[in-house]
Structure formats: structure tokens, C-alpha cells
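For reference, the chain that follows is the form predicted alone, supplied as C-alpha cells.
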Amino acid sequence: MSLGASNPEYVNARVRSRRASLFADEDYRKLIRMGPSEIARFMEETEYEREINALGTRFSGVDLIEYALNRNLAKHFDDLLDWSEGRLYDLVSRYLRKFDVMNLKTVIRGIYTETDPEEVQTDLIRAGELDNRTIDRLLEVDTIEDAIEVVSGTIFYESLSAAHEEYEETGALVPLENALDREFYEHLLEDVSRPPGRTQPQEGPEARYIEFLQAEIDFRNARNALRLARSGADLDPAAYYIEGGVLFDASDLNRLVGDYDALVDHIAENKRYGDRLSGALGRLREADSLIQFEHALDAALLQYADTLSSIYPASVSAVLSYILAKEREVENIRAIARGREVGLSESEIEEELVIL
């Protein structure tokens, strides 16, 4: 099935309007100088007004900001699904499963660190396929094994069950988190129009969808490689390789996992990324910590999605680019609010932001 059976032109027009209301870099610079209550008042003058007003009687400070951000994000992505039809709906709904993955990782980390479920709940974004009942049940369990049982019957159950054995042996969360990523990306690439044996899809409406997903998988593999190198755990990088990208194979990861400069060079030497991501690659080279590297990868993927959507404005790329940009706005505001609450300096907070 092609995107011709759906309505990308209509959805892209709606997305362009929504994208115009996203916060600009100057807005973030203003927020960095505010306390949590001031940030909430600033948000009340923006498109977050409805959420701030609805939640303001129950929450205040950072809690109010967090809940408003998450509710607004879920609303925007529900709108995307309401607008989309046919094949476009299928592609967008698959991609929004990323929030199921994020929520499951958050719950598993919360159990691992014995974090209060109320704190875990503030980090959950109910924008995927897992319904509220399932998410509420996840917040009630005390062990990772019980959390896995809660999602029996979903696409994640079998891979999580298998990864749980390795978690029990190593005590590291990496096997569980990687199992979620692999399951997510494998299902994203199901039945899209890529001929067997080809890394590139045939030209057509779905070609940009494939190209974007290949980039996301490539950057996920790069992120995993550096995380493994920094973890100190005795884990085989090839076991955490996610298939579907164009930049790495399993042997590449084994070779590059311990050499940061070679890893960045490998990305830069690829014609697809080297030609389109010069600015983002510069930030990758300058990163001197894992968090800076991951933020630079996030910025690179966002820049790549923007490039695709500008070159192919009638494709699904514009929708995917908007999803990333909206998600990034929420994460930036969240980082500022949390940073101000714990007394970080303006420069320390700026390091937590992803800004192109």
C-alpha cells in the first residue's frame, strides 16, 4: 500500500501550523532565567494554557509543568492520529509506539532504583498504544519480572522475557532496554516497500519514511556503542546491534565501541550524513561527555529529519520531523524546570538542552 491511499498533504498543512507555535531558542533563554512558578506562568501565555489551567488546582511548581507538558504532548500526537488516514495513519501510529518504549524503560528504571511510583508517573507520556489501565498496572508492581508480565500480549513481551535472563546474570539494564529498542524498530520496518537485499527503498512516498528510520537506527546504534564503552560491563557490542540502518554492521560496532573519534569519523565519512549534517557532526566532535554526545545525536537526527521534510515536503518526513521537534521542546522545558528547581547554573542547564 502507498501513501497515496492516505492524506499526507492535509496532515502536513496542519503540522506546519503546529510547528510554527513551537518555542524558539530565545524562549529557552528566557526560561533559563526563571523559577518554576515563573515558567508555569510563561507557559500559561502559550499553547500550554489549557493544560496549565486544568492542572493548576492540583499541582504547582515543577509537578505542574511536568504534567502539563506530558498531557499537551499526548494531545498533539492524538491529533496527528485523528488527522491521518489510511497508510499514513499506520506509519504514524507505529512510530508513536516509541512512547511505549520510553514508558517501559522509565518504569523498569524506577523499579531498579526503587523510585517512588508517583515520581515515575510524572515522567510517563501516554501517547503510545499501551492504554491507561496497563500503564497504571505497571506503576503498581514491585519487580521487573512482574512488569514484564503486565505487558504479556504486546509486541514487547517475548523480547523482554528473553532479555530478563541476561539482566538476572549481569545486573545491568542494558539488555532490557536494548530488547525494547530492537522490537520497536523491527516492527517499524515491517511491510514497508524496501525490496529484499536493498538498503534503499524504491523511490516513492514511503522512501522518505525508510530513510528517516534508517537514520534513527544508525544513531541508536552509535548511542549504544558509546554507552557500552562507558558502562564497563562485560557485554558484547554485536549482541546489541539493531538491524535496519545503513551506517553500521555488527562488526563495525565491535571495532568502534572503544574509539570515540573513530566512531564520529565513521558517521562523517558516510555520504548521506556527512553531506547533510556538517553542523551536527561538529557538535559530536566537541562533545566531552556521554550526555553531550547523546544530545548531539538528538540534534543531528532532528536536523536530518528537517532536511528530508524540506526536500520532500509532501512526504511523511514532515510529520516525523514535527514529532521529534515537539518532543524536543517538551524535553527542553522539562530540563530547564528541573534544573532551576535543584539550583543548577544557567550554563549547566544550557548543557542539558538540545538546540539546533
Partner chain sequence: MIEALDIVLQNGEAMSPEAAENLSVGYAEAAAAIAVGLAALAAGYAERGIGAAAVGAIAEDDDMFVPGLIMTVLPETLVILALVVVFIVG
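Positions refer to the first chain, counted from 1. If you're wondering where the values come from, they're calculated on a predicted model, not measured in any experiment.
The form predicted in complex with the partner chain is left out here; the points below concern that form.
Student: Using heavy atoms only and a 4.5 Å cut-off, decide whether all three of 219, 224 and 293 touch the partner chain in the predicted complex.
Tutor: Heavy-atom distance to the partner chain in the predicted complex: none of the three under 4.5 Å.
Student: According to a 4.5 angstroms non-hydrogen atom cut-off, is residue 25 in contact with the partner chain in the predicted complex?
Tutor: No, residue 25 sits far enough from the partner chain in the predicted complex that none of its heavy atoms falls within 4.5 Å.
Student: Does any heavy atom of residue 17 come within 4.5 Å of a heavy atom of the partner chain in the predicted complex?
Tutor: Close contact exists here: in the predicted complex, residue 17 approaches the partner chain to within 4.5 Å, heavy atoms only.
Student: Consider residue 83 of the chain shown here, and say whether it contacts the partner chain in the predicted complex, taking contact as heavy atoms within 4.5 Å.
Tutor: Yes, residue 83 lies within 4.5 Å of the partner chain in the predicted complex.
Student: Where, within 6 to 22, is there a heavy atom within 4.5 Å of the partner chain in the predicted complex? Residue list please.
Tutor: Sequence-ordered list: 6, 9, 10, 13, 14, 17, 18.
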